[in-house]
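Here we start with a single chain on its own, the form predicted alone, put down as structure tokens.
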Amino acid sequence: MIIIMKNNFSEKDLNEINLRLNESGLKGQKIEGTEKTVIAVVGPINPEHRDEFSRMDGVASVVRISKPYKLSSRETNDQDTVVKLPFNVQVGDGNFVVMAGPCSIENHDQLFETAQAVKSAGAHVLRGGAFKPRSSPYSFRGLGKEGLQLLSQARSKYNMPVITEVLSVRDVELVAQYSDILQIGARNMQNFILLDEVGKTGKPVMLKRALAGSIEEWLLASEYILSQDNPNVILCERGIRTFEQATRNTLDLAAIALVKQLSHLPVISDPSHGTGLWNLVEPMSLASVAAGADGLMIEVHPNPEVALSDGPQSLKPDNFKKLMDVASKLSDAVGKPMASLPY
């Protein structure tokens, strides 16, 4: 349920409500909007709670939330969440943001050449994998801490926020030292202990949809992060596994449009993993723009033919620049212009 506060509520009113919530085994999270302040309540709620809290000082009304996901729902917060990143980059503020870079950080030259290319083309965030979840244990699994250090160096040189994936609870503290956004990959969408731990860092978290995750399960997974008093969550549609074998996954464009209606969290699209084929990345990127996505995550590599991971779905720098030129025009047309680069 949500407790909607009166415009003239006092700090004492708020403290008394929180005290009573704690006594009832409930947890309240304050959400301040431009027009009203609400308290999102989670826990074992019973009908008597609604009557009790509606009578407390400073309370305008108490509303039952019908969705099982409480904190991510537009029923709780009808204002779009804006995730603020270093270098004045924002995700979800009405402008379009692009994250780009190699699937895996292979060495200094590969990362820095790619970073230079994507920044020159207009990308806002540099992506690069230091720890890689692979289907085979014999595939390249990333450089680990060395990769994080290279990513941090590229961040400083090119003045770009960086995003990288964290695979395990044991690596959360390490990755958080180097990365501006902690990425939770599809295979870990329901690793609830990991979600709790990345939430506790307070850092922005990008949550990818699982290969067979429903939209409800995806939003419920986001609740684990949000419930740690961390509002900085970005959702990423990266394709789901279906019967179709012509593409790596099936990019669910309808999910982008639907989740934008169901949730206040920003949603970006990953057409690289969503298709697995570089020549489908541009058309599905443009389709994602039209569907209402707040941004894109694109894999770019200077020499995809020799990439140590995901070469077939990676764009070369010249193709990425072409995509950015076309996407910029389309994002303008749909009323979500490409975010300007403040550097």
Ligand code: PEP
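What you are looking at is a predicted structure, and each value in this text was computed from that prediction instead of being measured. Residue positions are given as counts along the sequence shown, with the first one as 1.
Another form exists, predicted together with the ligand; not displayed. Remarks below refer to it.
Trainee: Just to confirm, with a 4.5 Å cut-off on non-hydrogen atoms, which of K119, R141, R155, R238 contacts the ligand in the predicted bound form?
Mentor: Contact with the ligand in the predicted bound form is made by R238 alone.
Trainee: Quick one: of A186, V89, L262, L194, which gets a non-hydrogen atom within 4.5 angstroms of the ligand in the predicted bound form?
Mentor: Residue within 4.5 Å of the partner: A186.
Trainee: State yes or no: in the predicted bound form, is some non-hydrogen atom of C103 no more than 4.5 angstroms from a non-hydrogen atom of the ligand?
Mentor: C103: contacts the ligand in the predicted bound form.
Trainee: Any chance E299 has a heavy atom within 4.5 Å of the ligand in the predicted bound form?
Mentor: Output for E299 is yes: heavy atoms within 4.5 Å of the ligand.
Trainee: Is there a non-hydrogen atom of H124 within 4.5 angstroms of a non-hydrogen atom of the ligand in the predicted bound form?
Mentor: Heavy-atom contact with the ligand at 4.5 Å: absent for H124.
Trainee: Can you tell me if K203 lies within 4.5 angstroms of the ligand in the predicted bound form, counting non-hydrogen atoms only?
Mentor: Looking in the predicted bound form, residue contacts with the ligand do not include K203, since no heavy atom lies within 4.5 Å.
Trainee: Which of 75-83, 90-98, 178-186, 147-155 has heavy atoms within 4.5 Å of the ligand in the predicted bound form?
Mentor: Going through the listed ranges, the match is 178-186.
Trainee: Using a 4.5 Å cut-off on heavy atoms, what residues in 194-210 are near the ligand in the predicted bound form?
Mentor: The stretch 194-210, when checked against the ligand in the predicted bound form, contributes only K208 at the 4.5 Å heavy-atom cut-off.
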